[in-house]
Every structure is written in structure tokens, then in C-alpha cells.
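Listed next as C-alpha cells: two forms of one protein chain, kept apart as structure 1 and structure 2.
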Structure 1
């Protein structure tokens, strides 16, 4: 037990872990060109083991396609550094005023590691597009999808049954809660192109109902895109059952949206709209976009300001408020942060990045602690130096 404790508190282990960290950052940066920031972060920094593979686009791939370099991922390195730092404090450090700066700095570092883990596990990002004069009470992810069956029979509200797309495994039956329905995924494509079959071309499709049958839509699977601006067209063929009876097979896709007539599933006297859409997060308030400004430098097309004047309409009217959102000036409201992310529709639509991060304050606190620790430690040494000179 003692030897194990000495191993984890070893300074040599610290150096090895920091060397692996530099290696992880180096190969992660190389793969960022191929996979984009989001996917690279998942592969290298939100994993226990990462494997770098020689890229297909690089010269000499035909000879070096076998080259793969495994390395510890971010979770493993961060966890070991956390243990190493705690073990070192228990074995080598004694709390004295002379070392208070070191303690403050290390405490800030521990807090930074904890905040990074909290951000990975708990933070959620989505986008909320709002038209000028319009309102929205939900944001949606551009990377996750959900299959929904919507009962619109009630005059005051809709009943939405959502199934995450990650559960749409071919052949796997899924019961739809509070309905007599169940579904079975015939096939699922994380990315595809869909379009009408050309005249005379054979159309092989498992769909028996809905838009695919009426419009002759065919599906062509595509590789998944990882670039930051890529939006994959998730598509699936889904068979719906009432008990043991098949009601038909529908083609659903996140591009078959409000622009298309709704696809309806009928069972007896009940109807449900079926669709595959970007995963949504609903809120107890609405964001109204009063005005969006896109200002440019005179005589150029170079922007110098994007801003959105908004009003929040909460179910609790005492929480209503107005705000101006612009770059580096987000709106923080109800545990959410709204950033000015983009715009569309010829400057008539503003797009907000909506972030929920319960640990957003921790990085600021940890950096302050580390800075304060260095000031204290170096300050004490500086005072000692001055006294010696005198």
C-alpha cells in the first residue's frame, strides 16, 4: 500500500503525465483538421484511451495506413493528475505560511480539473433561431436527433412522445409510452442525401406510407461529416405497429420538416404526426426578437457589430425582462447563457447559442486562485531577497 501511495505521489509520474498531455494535444491538433473541433474533443479529451491513425489525406498513406498510436485520453490523464496532486500534498507538503502560495495555486489547479470534468458531463449546448417579431420557447441541437410522435388532438396543447435517435437500432422494437403504438427501425442513416427519383429510374424503398411513397423520395447514404459547420441529414425508415398489426413504414428525416405536409399515423380514431427532427429543449419562457442589427464598416462588407434586442416573456410575469445581446455580451437567464452566434434569412433571423453549464464560474475562480497563489509565493521570495540585500 505504501509503495502504491509513493507511486501516485511521485514527481516522475507528474512529468510522465504532463508529457502524455503534450502528446495528446499534439495529435489532437493534427486530427482537428480532419474531424473538426467537436469530434476531436470527443476522441481525445473526453475519452480514456485515444488512438491516432495515419490520415488518409496525408502523403504516403498507401504505405503507412497501418500506423496507429494509442495514448491515454483526457479523462485518464486528468484523473491521474488529480490523484497525483492530492497524493503529493498528503506525503510531501506541510501547511505553513511560507508555502501558502503553493497551496493556493495547487487548489486552483484542482478546481480547474474538477470544472473541466463538470463541463464535459453537465454542460449542454444548442441553438435557438428567432425571426424578427417572432418568439421561440425552445432550442435545438444540430448534432442529436429524435423521433417524435405528436398527438395534436387537444386544442390547448400537443402531446409529444420523443425517442432519441441513438435508440433507433435496426430491428429493435420500442414501445411508445401512453399510446397503443410501438415502432421498429428498418434502417437508420446518420447522414444521407434524399431526393426524388429521376424519371424511369428504379426506386427501391421499404416505405409504404407517407412522403416517400407520395413524392417518390429515394435515400442515398453518405459518410458522416465532422466539420464544425457540417449538419448531417439523419434519415430512417420506421415501421409502426398497433399491437401485432403493422400500420406501415414511413421515411423520416430531419430535412423533412415544417416545409413538408405532416406525415400522419392513424390508429382507430387517433392520429399522431411522425417526424425525425433535431433534439429540442423546451423552456418555461419565450424569447421575442424585437430587432436584429448587423452593422458594417462604412463602404465595406466587413461587420463590426451583431446585436439582438430581445424581450423575455416568462410564465411568471415578474421575471419578464428586456436585454441586448451582442458579441462578448451574452444574456444570463434562468441558468442559461444566450450568446449571439449567427444570423440568417437576410438579417431577419438571429441565431443564439444556448449554453447550460452549472460549473461556468469555477474556471474563473480557479484561475484567480492560481494567479493569487503565484503572486503570494513570488512576493514572499521577493521580500526575502530585498531583506537580504539590506
Structure 2
């Protein structure tokens, strides 16, 4: 038991773990060329074990295709470093003024590790496009999808019944809460191309209702893309039931969106719109885009500023406010942060990145502690060094 404690608190372990961290970061950087940042992050930094494979595009792949390098992943290394640090402080360190810098710095590091984990687990990012003069009360993910059944019968509001796409497993029946309906996924493609069948070609499609039948749409599954600006066309065939009775099978896809006539499911006197779309998050307020501007340096196409003038209309009107969102100046509102992320539609649509990160303040505190700790520690070394020289 004691030797185990010694092992976990040893400086040798620290050095070995740090060396592994460096290796992990290095290979995690290399693989971004193939997989993009988002996917690499999951493979390397939000995992317990990561395996680097010799990339196909690299020279000499024919000889080195077998090369695989396994290494501990981010969670494992982070966890071990965390334990190592705590154990070291319990066993070896005595709280003295001379060591105060080390303590501060290490405490900051612990906090940073915790806050990174919190961010990984808790933070949510989505995007909110708003047209000039228009309003929006929701933001959408650009990766996760949801199947929705929307009841638009009430004059004041719509009822949205949403099922995350991750639950759409073929063959599995799912009850749609608060409706007489249930669904069964016939097939689900995380990415696909959708096109109209060329004239005369027979279309083999499980769909029996909706756009797929009317327009003769065919689906070709595609591999999932990971590049940062890749958008995957999630597509599914979904059969809808009322009790035991099948109402038909619809083709839904996140590219069959508002531009198309809605696909309706009818059961008795009730009607639902069925669609697969990017997962939405609704808010108790609307953001109105008053003006978007995109300024360039004179005589060039180099942008020097993007900014959006917005007005927020909250259900609770005391919370209404105006704001200017521009580069490096986000709007923090109701626990959310709105960033000027992008634009579209010939500068008439502004796209905000909406981030909810309850732990956003922690890194600030932790890095302050770390910086301070190192300054204190090295400052003391330096003073000692100067004294010795004199």
C-alpha cells in the first residue's frame, strides 16, 4: 500500500506522464489533417486510449500501412496527473513560504484540469442565424439532428415533439409522448446525398408517403465527414404508426427543410408535420438583427470588422436590451454567450455562435493562480541567484 502511494506521488511518474502528454498532443495535432479538430478531440483528448495510425495521404503508406501507435488518451493522462499531483502534495510537500509558489501553481493546474473536464461534459455550442430585420428564438447544432413531429393546430403556439437522432435505431419502435403516434426507424444514414431519380430509372425506396414519393427522391449513403466546415446530411426512412396501424413511411432529411412543402402525417382529425432537422434549442427570448455590417480595409477584400446590432425581446420585458456583437466582443446574456461567428446571404444574414458553458470563469481563476505561482517561485529563485552573485 505504501509503495503504491509512493509510486503515485513520485516525480518520475510526473515526468513520464508529461512525456506521454506531449506525445498525445503531437499525434493529436497530426491527425487533425485527416479528421478535423472536432473528431480528433474526441479520439485523443476526450478518451482513455488513443491509437495513431499511419495516415493514408502520407508518403510511404504502402510500406508503413501497418504502423499503429497506441498511447494513453486525454482522460487517462489527465486523471493520472491529477492523482499524481494530489498524492505528491499529501506525502512530500510541507506548506512553507518557500513552497507557496509551487502550491499556488499546482492548485491552479488542478482547477484547470477540473474546468477542462467540466467544459468537455457540460458546455454546449450551437449556431443562430438571423436575417436583417428578422428575429429568432432558437439556435441549432450543426452536427446533432432530431426527428420532430410538429402540431401546428393551436393558433398561439406550436407543439414540437422531438426525438434525438441518436435514438433512431432501425427496427426500434419509439412512442411519441403526448400523441397517439409511435415511430419505427426503417433506416438511418448519418450522411447521404439526396437526388431525384433520373428519368425512367426504377426507384427502390421504402417510402410510401411524402416528398420521396411525389418527387422520386433517391438516397445514396455517404461516409461521415469530419472537417470543420463539413455538414453531414442526416437522412432516415421513418414509418409512423397510430396504435397498430401503419400510416406510411416517410423520407426525412435535414436538407429537406423549410424550402420544401411540409410533409404531413395525418391521423384522424389531427395533423403533424414530420421532419428531420438540426437539433434546436429554444429560448424564452427572441433576438432581432437590426443591422449587420462587414467592413473591409480600403482597396482590399481583407475584412477588418464584422458586427451585428441586435435587440433582445424577452418574454419578461424587463430583460429587453440592445447590444452590438462584434469581433472579440461577445454578448453575455442569461448564461449564454453570443459570438459573431459568420455571415451569409450577401451580408444580410448574421450567424451567431451560441455557447452555454457554466464553467467559463474557472479557467480564468486557475490560470491566474498558475501564473502567479510561477512568478512567485521563479522570482524567489532569481532573487536568490542575484544575492549569491553579490
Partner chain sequence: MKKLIYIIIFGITASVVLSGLRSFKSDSEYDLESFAELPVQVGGRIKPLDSVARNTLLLLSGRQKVVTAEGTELSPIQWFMDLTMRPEIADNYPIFKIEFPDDLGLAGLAKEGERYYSFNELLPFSEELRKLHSEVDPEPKKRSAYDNQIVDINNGLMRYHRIMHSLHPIGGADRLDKLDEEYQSYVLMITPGMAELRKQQAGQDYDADRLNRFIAFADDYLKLSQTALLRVVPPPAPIDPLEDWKNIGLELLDVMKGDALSPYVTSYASLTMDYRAGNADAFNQKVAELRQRFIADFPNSIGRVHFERLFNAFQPFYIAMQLYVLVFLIVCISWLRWPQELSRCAFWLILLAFGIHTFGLLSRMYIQERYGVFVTNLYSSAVFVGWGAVLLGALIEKFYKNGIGAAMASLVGFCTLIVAHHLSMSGDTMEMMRAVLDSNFWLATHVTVITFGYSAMFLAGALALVFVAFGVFSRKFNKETARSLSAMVYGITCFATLFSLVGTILGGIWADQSWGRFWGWDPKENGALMIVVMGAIFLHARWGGICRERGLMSLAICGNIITAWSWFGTNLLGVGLHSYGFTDSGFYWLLAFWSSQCIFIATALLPWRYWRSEFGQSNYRKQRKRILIAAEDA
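Positions refer to the first chain, counted from 1. As the structure is a computational prediction, the values presented were derived from the model and not from experiment. Rigid core (definition): largest C-alpha set, two forms, superposition within 1.5 Å.
Of the two copies shown, the second one, structure 2, is the form predicted together with its partner chain. Annotation for residue 380: C-alpha shift of 2 angstroms or more between structure 1 and structure 2, rigid core superposed.
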